[in-house]
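Quick setup: one chain, the form predicted alone, written in structure tokens, and binding and motion questions come after.
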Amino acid sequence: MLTNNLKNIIEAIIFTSDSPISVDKIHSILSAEGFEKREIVQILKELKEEYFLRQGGFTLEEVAGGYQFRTRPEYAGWIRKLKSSRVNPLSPAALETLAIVAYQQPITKMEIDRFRGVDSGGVIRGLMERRLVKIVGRKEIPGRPILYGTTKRFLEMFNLKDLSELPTVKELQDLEGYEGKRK
């Protein structure tokens, strides 16, 4: 009985999870019933393809080390109308700081300040309040300054499976060159 419903069970687990859920977590929920991780991975692939082919209002995406149902970007305007609130965009200073943390992590506030040329304390606090940056440890130097890194929420927000999906410096330079030619 459970085997026939495994796809539906996995779908329900993902649907009710409030954040991306990993294969390991799904397996831990289902392992008592004798399901193998490879079965779960295969069903996740099938579900992902079904939702992609369906071309509905949402898809199943692999993001931030797990799986999550996400609305298609082309419907973002409609979702905003439903929520009746404008998303507070990140300021240029916050985006700059977030990029520095993402590419240089783990990194201290002093190192961020050096990159930016200004004090970044307030910006870092704001990014921490938005759960995009977190404390990841302390640097083993005198004073033991705090080290910052990005969070799972950062990966979710930018639709990344992991940090390896960040564009390379060369890709960014190529894009910058392309954008400059368009002006």
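Numbers for residues come from their place in the sequence shown, where the first is 1. Predicted model, so just to flag it, every value in this text is computed and none were measured.
Beyond what is shown, the protein has a form predicted together with a further copy of the same chain; the following relates to that form.
For the marked spot (Glu36, Phe52 and Leu127), a heavy atom within 4.5 Å of a further copy of the same chain in the predicted complex is absent from each of the three residues. Looking at Arg144, you'd find a heavy atom of it within 4.5 angstroms of a further copy of the same chain in the predicted complex. Shown alone here, Val136 lies within 4.5 Å of a further copy of the same chain in the predicted complex, counting heavy atoms only. In the predicted complex, a further copy of the same chain lies farther than 4.5 Å from every heavy atom of Thr108. Although the partner is absent here, Val23 lies well away from a further copy of the same chain in the predicted complex, with no heavy atom inside 4.5 Å. For the stretch 14-28, the set of residues having any non-hydrogen atom within 4.5 angstroms of a further copy of the same chain in the predicted complex comprises Phe15, Thr16, Ser17, Asp18, Ile21, Lys25, in sequence order.
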